[in-house]
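What follows is a single chain, given as structure tokens, in the form predicted alone.
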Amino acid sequence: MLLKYLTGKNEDIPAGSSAIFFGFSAIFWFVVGTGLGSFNAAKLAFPDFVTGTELFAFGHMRQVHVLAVIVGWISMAFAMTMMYMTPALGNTKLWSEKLGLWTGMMWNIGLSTALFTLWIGITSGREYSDFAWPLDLVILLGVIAPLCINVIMTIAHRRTQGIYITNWFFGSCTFMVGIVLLVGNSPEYFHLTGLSEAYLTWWNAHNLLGLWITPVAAAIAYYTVPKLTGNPLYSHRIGHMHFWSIIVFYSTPASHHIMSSPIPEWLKSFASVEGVLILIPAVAFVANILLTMKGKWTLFVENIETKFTMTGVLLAIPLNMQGGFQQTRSINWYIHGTGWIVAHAHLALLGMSTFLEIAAVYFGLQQMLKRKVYSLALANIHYWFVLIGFCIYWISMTIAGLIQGAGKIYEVPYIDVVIAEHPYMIARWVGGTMVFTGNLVWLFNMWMTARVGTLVPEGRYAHELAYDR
């Protein structure tokens, strides 16, 4: 069927086909990514776990896990939401379902190739941009550019007078992430070394989060919360303030990642000040969504999509508080290079972003498939496994990071620090494995939804019927 659509005419492809393809692809890569994360955490908790094989060494496996989650799960879930939210908000169809399906196909093929080459040791050696440069170009030209074209052309062909805030984010972020990838990978294209390479590496990493992951996740909430509650967005003006302030303040020089390097002092100060100013868009977003929920908090208990969405919004509070203040020099000096940073990164990627995306994928797949979720009980098991597993992971790694920071200050022998943090490495593995287990349940639940989920009568939302029982 997929081959038929890929080679057929665009008008013959059912609406929502590309959203469904991206949705299941995203869940699959989430299972792969968290499975790899559980494996890597086991190697840190139990040093004798799977030794003697170079390919399964932590140095080979760690970046495969990271990029499977970022490029596979997170970015594919974003693409899935764009495939169905952008047309819905413009009262139109997706500009090209065929282009969407080809983008999804290229994405899966390109990512599989990139992760395999990374696994066997072909890497740039630069964190968060580890792929070899030819594969960077494949992702940029074969994935991001077509996605950007499809989203922007859908917005351009809208049949509504204005552009809702979600589509402001979708259109701008698909464009900006292309710029980030192009400029951020320039050290490989132009053979830059030294401080130039270090700076651009972290400029790329920082803005992948600041101009792609964080704002697109927020854009999803701007759609799902009014849709699920029936309440209008509390304030479009605050939404637009969020949009413009995140563009101005989050796209920082990113030099706070390399505070100890010999880059200009003014650049470090600039990064620190702008880093704290990200609290402006953060507070705007959280306040707007919480006020939109007014009078509908019972849905937090009754509705699985609302559970995931509002958990993600609430996790944005500690995320942005940490993110703002850990960019100041004194705090950065204490926590740099410790497990605190690992915990913070997972608060962003596995916390805020992932919970918002899961809700959107649950909602979107039910709408596109026109079926209600196969098992609400399994959906709730998924929620609690992911939430409890994430909390165990985040708290244990935060404590481990503080232990490492104290060890640095008091010049504690390194091996003593390793021994002190070992219980928290075990907790990290337990938490990560719970998330992986929950995702296996989710994959089964959505597969069964597609196969035998109850069909939704015309004019009813699948998520509404899911709670009629």
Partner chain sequence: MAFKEYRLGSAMVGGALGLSMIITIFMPSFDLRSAVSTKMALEKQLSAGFDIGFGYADPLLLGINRPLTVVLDADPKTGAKFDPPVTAYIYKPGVPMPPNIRHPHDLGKGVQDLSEGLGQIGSVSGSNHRVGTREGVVFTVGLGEFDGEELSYIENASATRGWTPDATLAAAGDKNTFKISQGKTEFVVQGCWWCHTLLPEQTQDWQVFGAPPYLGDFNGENPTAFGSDRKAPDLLHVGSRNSSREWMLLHFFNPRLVQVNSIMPRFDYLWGEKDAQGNVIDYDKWRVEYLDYANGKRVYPPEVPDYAPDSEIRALIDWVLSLK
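Positions refer to the first chain, counted from 1. What you see is a predicted model; the values in this text were computed from it and never measured.
Below: the form predicted together with its partner chain, not depicted.
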Can you check whether P262 is within 4.5 Å of its partner chain in the predicted bound form, heavy atom basis? yes
My question is simply whether T328 lines the interface with its partner chain in the predicted bound form - judged by any non-hydrogen atom within 4.5 Å. no
How about Q161 - does it come within 4.5 Å of its partner chain in the predicted bound form, if we only consider non-hydrogen atoms? yes
Looking in the predicted bound form, any heavy atom of S196 within 4.5 Å of its partner chain? yes
Which one, 375-383, 173-181, 281-289, 357-365, holds residues whose non-hydrogen atoms are within 4.5 Å of its partner chain in the predicted bound form? 173-181
Looking at V276, M153, I395, A132, which has any heavy atom no more than 4.5 Å from its partner chain in the predicted bound form? A132
State the residue from S235, S124, N108, T92 whose non-hydrogen atoms include one within 4.5 Å of its partner chain in the predicted bound form. S124
Contact check, 300-322 vs its partner chain in the predicted bound form, heavy atom within 4.5 Å, ordered by sequence, gives none
